[in-house]
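The chain below stands alone and is given as structure tokens, in the form predicted alone.
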């Protein structure tokens, strides 16, 4: 997900936590003993997934702008929608063959890139996972992303706050949605949300009427809106007939949130409290008019700039300052040294203030006041 909109170097409270410098050398691999060769003017590869959400669409321009300003050439490629994993694998292998000096990867499926990142490692090319971790391999050197467990915690708390504010006294009937199972971030978002919500489910404040509470049960393949809308429609038909009310829905991003709201509208149900993520332009008016309760602001320009800054640090032979955050950045083999950025919860109450440095989002928020 995810996932910040057009025009803006809005600083989304970029917090690079510097608890430890955990890269052993400037090469990038914690077990490496040689320095990288990333001279100014060299090419940096950026492998992006298919354009399934607005943040991915914006990422190309953000990287091209930041890399040019830092004195590098950009080799930015999207995976094709028809064969996303295979296409991205081939693109990364091609970047290694061409001699790109560092490769930044936003994985379509982070569990299927082990061969490609080993190729990069063997060629002495540092690999930076961006926005999504690359899993099941020791050969990813760094991870640059917003704190995704924190994103989930913010979403869970927003759901509780919105229910208390808009739906009166509990208990409340809710449903849970998560992102795609092939996205390493999706279970992290969900686990962060459940860190907040599970105690309230246990004490009876929240009731998941469908009893679907595991990540496997609530995940949304491909982050596709039609999949979320179909599941929500099925849940409404099966579990919310008659007078049974739906008070709230945990949605992991804005695209799915809008799909969920469309399903409830089509079923003739009142709007539930719905969370989101990515500050998509289509959702800002919905937040301002009270249709969608919240989103998360993760500025794409800021996130891209953090990755480019890391490349610049490596090119100077310096050690980047990173954190070892097992809860957030463990990839199944190792905790990847990370640069973590801080996400911001957005509701109608703070949207204008928090979008002040992003002209597009600020205008949308002001128009909805």
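Numbering follows the first chain given and starts at 1. Keep in mind it's a predicted model, so treat the numbers as computed, not measured.
Keep in mind that the form predicted together with a small molecule is missing from the display, and what follows is about it.
- With the partner omitted from this view, the residue of 172, 223, 72, 149 that lies near the small molecule in the predicted complex is 223 [heavy atom within 4.5 Å].
- Here is the short version: of 253, 299, 294, 116, the single residue with a heavy atom within 4.5 Å of the small molecule in the predicted complex is 253.
- For the three residues 177, 230 and 269, a heavy atom within 4.5 Å of the small molecule turns up in the predicted complex in no case.
- For the chain shown alone, residue 183 is a contact residue for the small molecule in the predicted complex, at least one non-hydrogen atom being within 4.5 angstroms.
- The small molecule is not drawn, but in the predicted complex it has no heavy atom within 4.5 Å of residue 141.
- Although the partner is absent from this view, residue 55 contacts the small molecule in the predicted complex, with a non-hydrogen atom inside 4.5 angstroms.
- Taking non-hydrogen atoms only, residue 189 approaches the small molecule to within 4.5 angstroms in the predicted complex.
- The partner is not drawn, yet in the predicted complex one stretch among 273 to 281, 234 to 242, 207 to 215, 87 to 95 has residues with heavy atoms inside 4.5 Å of the small molecule: 273 to 281.
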